[in-house]
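Read the single chain below, which is given as structure tokens and is the form predicted alone.
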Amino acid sequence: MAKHLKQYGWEYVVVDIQWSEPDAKTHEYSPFTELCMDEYSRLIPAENRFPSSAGGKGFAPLAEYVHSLGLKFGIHIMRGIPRQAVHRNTPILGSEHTAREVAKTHSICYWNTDMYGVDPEKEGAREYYDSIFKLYAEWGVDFIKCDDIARELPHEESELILLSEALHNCGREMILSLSPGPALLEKAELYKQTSNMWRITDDFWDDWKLLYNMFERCEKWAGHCGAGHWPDADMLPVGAIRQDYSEDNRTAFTYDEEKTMMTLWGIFRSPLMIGAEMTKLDEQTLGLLTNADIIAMNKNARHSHQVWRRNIDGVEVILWVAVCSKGGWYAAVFNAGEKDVDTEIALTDLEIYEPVSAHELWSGETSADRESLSVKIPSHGAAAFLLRAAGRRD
């Protein structure tokens, strides 16, 4: 990642779920399994899987190495307090109260048995959350992906607020990402006030139906992007993504579908997270992830929104537009149909009333004095443009 991707803006390396479980072998969860935990009810890395954590060092050595590469380090956590801490009634750092006293035992994750919820009304609850973020700050963590919290609202709303306050008071800047989705649109302002990004979907995988559904999700959430808070369309399942890494482990998306995904995530301004075995990325996949123009659109687009979604010659075509913070406009055209489309899109549809130069972000082709966009897009494909008023040089 440092060698091939950092220069394009990729910077966070995140250890995902079950890092405290010694016997984790696949993506399947082991019910009521034994986890590694310190004396204060806090989960710690399994030494057999993360040898550098031995001797109470936790993730600090790994974070230090990641930082030495000019990258940032993150971890996944589950909302709440470990069940085994509650069952053993272990202490909480900085409090006279114990794990059993702060637990909300009826608040559980239905797909993972590791944790109970924490009751913010109980004495010791704040000290528990303060203690885990104190530990993460000592490790040098830059990014927290907190699971089992985004779509449980409003039931767990108070726990989210408590967790967020503990993170922001820990003395180290950390990005807070909430999962899983779909997040609740009516709680958008709460997500903005407590976190930096939140999942708008359940786990996103390489299935055209899921990608097609994302257009509707992005349309609804587009108005909530910006200034440190981002609706998250989830990972990019590109390249080699299967757990067994066999010869047939390549994403089920076609190349055109991958371009559609990158274009939609780009103009919508979703956080970009790679969901792939990076040591097995081929040149085509690297090309998707290192397209500087697409990444610039993700960074510089403002006021992104869907313009229209209509049938053109029997093909569903979707048009998005955004203002470019560096000058000009971005336009993205998507073919959601089952056959190729060849059409002209008037600039007036984008409320642009002067000729422009049009730079297509995937092909790199530029044409001047355009009063419309000529697009020829294959099924499930996309085109993206940076439009500048005629005569502009910047």
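None of the values given here were measured: they were computed from a predicted structure. The first residue of the sequence shown is number 1, and the count goes up from there.
There is also a form predicted in complex with a further copy of the same chain; it is not shown, and the following applies to it.
- Not displayed here, a further copy of the same chain is kept clear of residue 313 by more than 4.5 Å at the level of heavy atoms in the predicted bound form.
- In the predicted bound form, a further copy of the same chain sits beyond 4.5 Å of every heavy atom of residue 182.
- Mapping the unseen interface onto this chain, residue 172 falls outside it, with no heavy atom inside 4.5 Å of a further copy of the same chain in the predicted bound form.
- In the predicted bound form, residue 338 stays away from a further copy of the same chain, with no heavy atom inside 4.5 Å.
- Only one of the listed residues (168, 302, 280, 187) places a non-hydrogen atom within 4.5 angstroms of a further copy of the same chain in the predicted bound form, and that residue is 302.
- 108 is the sole member of 108, 93, 137, 286 with a non-hydrogen atom lying within 4.5 angstroms of a further copy of the same chain in the predicted bound form.
- Residue heavy atoms within 4.5 Å of a further copy of the same chain in the predicted bound form occur in exactly one stretch of 207 to 215, 252 to 260, 98 to 106, 158 to 166, and that stretch is 98 to 106.
- Annotation for 185 to 204: interface residues with a further copy of the same chain in the predicted bound form are 189, 192, 193 [heavy atom within 4.5 Å].
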